[in-house]
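Below, in structure tokens: the form predicted on its own, a single chain.
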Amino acid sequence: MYNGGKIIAGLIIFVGLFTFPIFYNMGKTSAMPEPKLDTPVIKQLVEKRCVESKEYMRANHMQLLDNWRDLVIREGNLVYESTGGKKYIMSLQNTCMHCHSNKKEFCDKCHNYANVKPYCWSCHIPPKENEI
């Protein structure tokens, strides 16, 4: 075999360079972002409660919003009754974004962390945020 040493050395260097990012980042994790709940509307609320519990909303908010969309658009049902018995209007812009108006700090941080591209804003108008 001609130049066998050079070929083996080249393969070792290639494998080392190719796997370097994997070994360099092994064991490192980025901290999960905490959504900021310091909007003016939330600060004024006496009972700081979303339509469902915090744990439920973290795990199932997309399924809830999809279900709301189907109920409103396909069935014309506009009222959602939470597990606590309170009734809400099913509206992303008027119910959810009324309190969670800080889209960049509330929605975008977690969606970017999870590498999720929601299609909400293809139909809905994103809230206007105050630039500091």
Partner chain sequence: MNAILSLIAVIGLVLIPLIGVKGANLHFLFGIVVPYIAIIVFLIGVISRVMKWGRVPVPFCIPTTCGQQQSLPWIKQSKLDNPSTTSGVVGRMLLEVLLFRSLFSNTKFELREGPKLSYGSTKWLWLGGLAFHWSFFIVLVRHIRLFTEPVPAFLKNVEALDGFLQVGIPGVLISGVVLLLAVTYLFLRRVFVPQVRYISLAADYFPLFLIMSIAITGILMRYFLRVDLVSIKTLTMGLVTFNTKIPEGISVIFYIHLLLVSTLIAYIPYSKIMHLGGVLLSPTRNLPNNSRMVRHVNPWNYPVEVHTYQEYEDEFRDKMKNAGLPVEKE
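Numbering follows the first chain given and starts at 1. Because the structure is predicted, anything quoted here is derived from the model rather than measured. Rigid core (definition): largest C-alpha set, two forms, superposition within 1.5 Å.
Missing here is the form predicted in complex with the partner chain; even so, the following discussion is about that form.
Q: Would W121 count as touching the partner chain in the model of the complex under a 4.5 Å heavy atom rule?
A: The answer is no: W121 has no heavy atom within 4.5 Å of the partner chain.
Q: Give a yes or no for K86: in the model of the complex, does one of its heavy atoms lie within 4.5 Å of a heavy atom belonging to the partner chain?
A: It does not: once the partner chain is placed as it appears in the model of the complex, K86 has no heavy atom within 4.5 Å of it.
Q: Evaluate I7 for contact with the partner chain in the model of the complex, applying a 4.5 angstroms cut-off between non-hydrogen atoms, and reply yes or no.
A: It does: once the partner chain is placed as it appears in the model of the complex, I7 has a heavy atom within 4.5 Å of it.
Q: Taking heavy atoms only, is N60 within 4.5 angstroms of the partner chain in the model of the complex?
A: Because a heavy atom of N60 falls inside 4.5 Å of the partner chain in the model of the complex, the answer is yes.
Q: Taking 4.5 angstroms as the heavy atom distance cut-off, pick the stretch from 77-85, 28-36, 45-53, 95-103 that is near the partner chain in the model of the complex.
A: Of the stretches listed, the one contacting the partner is 28-36.
Q: Mind listing which residues of 113-127 have a heavy atom within 4.5 Å of the partner chain in the model of the complex?
A: If the 4.5 Å heavy-atom criterion is applied to the partner chain in the model of the complex, 113-127 yields Y113, A114, N115, V116, K117, Y119.
Q: 2 Å or more on the CA of G10 between this form and the one not shown, with the rigid core superposed, yes or no?
A: It does, since the G10 C-alpha is displaced 2 Å or more between this form and the one not shown after the core fit.
Q: Having a change of 3 Å or more in the C-alpha distance between G27 and A59, I'd like to know whether it is closer or farther in the model of the complex than in the form here.
A: Those two alpha carbons end up farther apart in the model of the complex.
Q: A 3 angstroms or greater change in CA distance between T29 and V116 is reported in the model of the complex. Closer or farther than in this form?
A: Their C-alpha distance grows by at least 3 Å in the model of the complex.
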